[in-house]
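The chain below stands alone and is given as structure tokens, in the form predicted alone.
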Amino acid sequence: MDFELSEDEAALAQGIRSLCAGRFPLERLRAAEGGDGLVDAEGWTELADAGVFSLQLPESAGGIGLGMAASSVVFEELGRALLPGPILASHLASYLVPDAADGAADGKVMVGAVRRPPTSGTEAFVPALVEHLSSLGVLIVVGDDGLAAVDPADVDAVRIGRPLDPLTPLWRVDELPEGRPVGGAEQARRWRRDQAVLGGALLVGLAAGTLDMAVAYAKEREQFGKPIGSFQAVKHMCADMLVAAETARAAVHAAAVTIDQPGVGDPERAAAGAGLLASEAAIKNGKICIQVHGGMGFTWEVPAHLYLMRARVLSQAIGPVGGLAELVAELY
């Protein structure tokens, strides 16, 4: 399997990176920390015009018609840029449940998603956490037996004052409405599978972003008259970050290709493995990046913590690491 990007894929990645750098610089995102509308309607439409939400929508339906491999390249760049908003759910909805999320591909509505928490006997409903609720046009509830579309206005929720990620506004929901069925168990399975791969791509972007940040700081920060990057301990930490990021990237690309070409392997197993390795890499690299920055790494001014917090949020969204590990073990 060739993990080198083709010329078209490299150009696609560069185009998305340029869009994010010019339209959604980190300074602008940080200025909106704690708010609800972190990506305004104009910016969301610009992402739609760039094809972010219609990558896998068939050309016959007005989409671009690309596969999972090309989509993972785009989502890695979105993760590297720390782009907020329900990007992943909006993209998945555009081709998995287009009837439930009309307007997702062209940026007219934001689509969110939440897993329906399990109930335990006669005990009270387990609370759910919904991201970006006030900005959503449709909420997709993902259950074991299918998908349901819910009007966000029908959701009785409480805003969490200090969420883990200041760029991901969060609401607590004690009871999710049943909603309108829009897909059966097979579509729910595909949703979870594709979410693990593309969520893994976002996490790979985070791992790569923290690696770039750590290396840049190690080159410029001096101690004892030398850049700290010349010290063996710091070199080893940065090398560990590189290995983690590249291993996760290979796993995500392999899973994406396996979905595009199921004959090469088991897509379910590949997706679970990709999500697992990407989660571990993003969290590990976020921690090491903070360590490389020393005391400054623990301050709010240095954005290293934003990558770590987003990694933890995404890790839970695609499935806890322990759950993904158990799924990989079951599928072998």
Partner chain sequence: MDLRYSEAEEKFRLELRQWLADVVPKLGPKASSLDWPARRTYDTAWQRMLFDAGYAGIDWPVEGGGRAASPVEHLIYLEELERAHAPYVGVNFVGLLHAGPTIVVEGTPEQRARFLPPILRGDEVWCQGFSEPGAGSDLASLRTKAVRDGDEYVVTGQKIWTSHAEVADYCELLVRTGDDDSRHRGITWLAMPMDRPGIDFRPLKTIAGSTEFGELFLDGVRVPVANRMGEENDGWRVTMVTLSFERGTAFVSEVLQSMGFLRDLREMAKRTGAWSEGDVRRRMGHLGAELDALWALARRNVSQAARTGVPGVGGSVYKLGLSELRQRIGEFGMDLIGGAGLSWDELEGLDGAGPIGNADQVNTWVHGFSRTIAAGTSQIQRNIIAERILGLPKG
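No experiment lies behind these values; they were computed from the predicted model shown. Residue numbers count along the first chain shown, from 1.
Omitted from view is the form predicted in complex with the partner chain, to which the following refers.
Stretch-level contact check against the partner chain in the model of the complex with heavy atoms at 4.5 Å: of 80-88, 219-227, 182-190, 98-106, the positive one is 219-227. Checking A251, V155, L136, V141 for any heavy atom within 4.5 Å of the partner chain in the model of the complex turns up a single hit: A251. Heavy atoms of no residue among H132, Q195 and G199 are located within 4.5 Å of the partner chain in the model of the complex. When the partner chain is considered in the model of the complex, P267 lies well away from it, no heavy atom lying within 4.5 Å. In the model of the complex, the partner chain lies farther than 4.5 Å from every heavy atom of T210.
When contacts are judged by a 4.5 Å heavy atom cut-off, D240 counts as touching the partner chain in the model of the complex.
In the model of the complex, E280 approaches the partner chain with a heavy atom inside 4.5 Å.
For the stretch 183-202, the set of residues having any non-hydrogen atom within 4.5 angstroms of the partner chain in the model of the complex is empty.
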